[in-house]
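Take a look at this single chain, the form predicted on its own, given in C-alpha cells.
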C-alpha cells in the first residue's frame, strides 16, 4: 500500500525522484523564460533579435500558451499509448534538445527550439504530476501536503534558474544562458532515469494502445495537411503568415479547444451523475485558474519589461540584471510552501475547502497588481521605481499560487475519472496555457496605454473574480461529492 511508505519526509520515496526531476525541468524552463522576451526585444547589436514589443509579446504568448496547451495531447498520449513514465522520459529528452537549439545563434534554430520545448513539455508536465498523485491511496490526507512538497521542487529550480541563467544571458551572452537551461534539463532526465523504479507505471491496455495509435496517426496526418495547405497559400500570396497572425489564430483555436474539450466531456461522456457533477466543478476551477494565470504569468512579460525599463535594479548595493528578479517569486514559494503545507495538514478537514483556496489565490494576485499600479504612478522622467515594489508584488503572487496551484493539481487527481487522470491534468494545464497567452498579448499592449492603467485593470479583474468565486463556494463544495 502506498500509505505505508513514509521514506521521504513522511511521504513515499518516489516523491523524491519526481521532486528532483521537476526541479531540473523547471530550472530549464524558468531560466529560459527569464531571458526570452528580453532577448527578443534586445537590439541586434547587443546580440538580441531586435523585435518590437508587439511582435515579441505575440511570440511570447504563443510559445508559453502552446507549452501548456500541449499538456492536453501529452496527457492523452500517456493515458492511451505510452504510459506516464515513458512520456516523462521522452518529454525530458525533447526539452533538452530544444534548449540546445536556443543556445545556437541562429533564428531558424530559435523557432525550432521553441517547438521542441513545446512538444517535450506537453509530454512531461501533466504526467509527472499524475505520477505524484499515483503515489497516494484514495483518502490519504497526505496528498495535498505531498503536492505542496512537490511544488517546492518546482520552485527550487525556478529560483536558481533566473539568477544563474539570467546573469549569464544578460551579462555574458544570451545563448550561453540558454545553454545552461539545456544542461539543467539533461540533469533532470538522468535523475528520472535512475529513480523511476521507485513508483509503478500508469499503463494503458494493449487494446487501448492499438486503437489510440491509429487515432493519433490520423490526427498527425490531418495536422501535416493543414500545415502544407497554409504554406502553399502563403507562398502564392493568398494569406500572410506572421508571428502576430499565427498568435491570433492560436488564440481562436485555444477558445475552440476549451469549448470542445469541456463540451464533449460534459455532454457526450458516459458518466454517472456524481462524475458529471465533478466534471462541472473542474470546469469552474479551470475558469478561475485561467484568470489567475493570466495575471500571475505576467512575471515573464509585462513585469519583466517593467523591471528592465522602469525599475532601479539595485538592492543593498548589489546591481543585478532585470531577469534575475524572476527568482523572487519562486524563492518566496520555497520559504512559504512548508508553512502552508503544514497549515493544510494540521487543519485537515476543518481547513478551507478547495474553492475557498481558489478565492484566496485570486484575491492575492489581484492585490499584487494594485501594488504595481501604485509603483507605476511613482515614475517620472529620469526616475525609476524602487525594486521593493516588484519584490512585494512577487511575494503576493507566491502566496496566491500556494493557495491555488498545488491545491488545483491535487483536486484534478481527486475529481478526475479514474481512466482519465492524465487527460484531466492536461486540461488543468490548459488553464495555464490560456493565462500565458493572455499575458503575452498584454505585453504587446505595454506601450499602448499608461502602465498604471494596465496594472489597475488586471488588479480589478483578479479581485472581481475572487468575489464572484466566493459566492460559488458552497454549491461547488456540494457538487464535489465529499472531495475537499
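Predicted model, so just to flag it, every value in this text is computed and none were measured. Numbering follows the first chain given and starts at 1.
Keep in mind that the form predicted in complex with phenylalanine is not shown, yet the notes after this line are about it.
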(request) Using a 4.5 Å heavy atom cut-off, state whether residue 437 contacts phenylalanine in the model of the complex. (result) no
(message) How about residue 192 - does it come within 4.5 Å of phenylalanine in the model of the complex, if we only consider non-hydrogen atoms?
(response) no
(request) Look up in the model of the complex whether residue 401 has a non-hydrogen atom within 4.5 angstroms of phenylalanine, and give yes or no. (result) yes
(request) Give a yes or no for residue 68: in the model of the complex, does one of its heavy atoms lie within 4.5 Å of a heavy atom belonging to phenylalanine? (result) yes
(request) State the residue from 411, 285, 128, 154 whose non-hydrogen atoms include one within 4.5 Å of phenylalanine in the model of the complex. (result) 154
(message) Just to confirm, with a 4.5 Å cut-off on non-hydrogen atoms, which of 302, 326, 405, 145 contacts phenylalanine in the model of the complex?
(response) 405
(request) Could you tell me which stretch in 45-53, 452-460, 425-433, 439-447 has residues with non-hydrogen atoms within 4.5 Å of phenylalanine in the model of the complex? (result) 425-433
(request) Run the contact test on 26, 30 and 293 with a 4.5 Å heavy atom cut-off to phenylalanine in the model of the complex and return yes or no. (result) yes
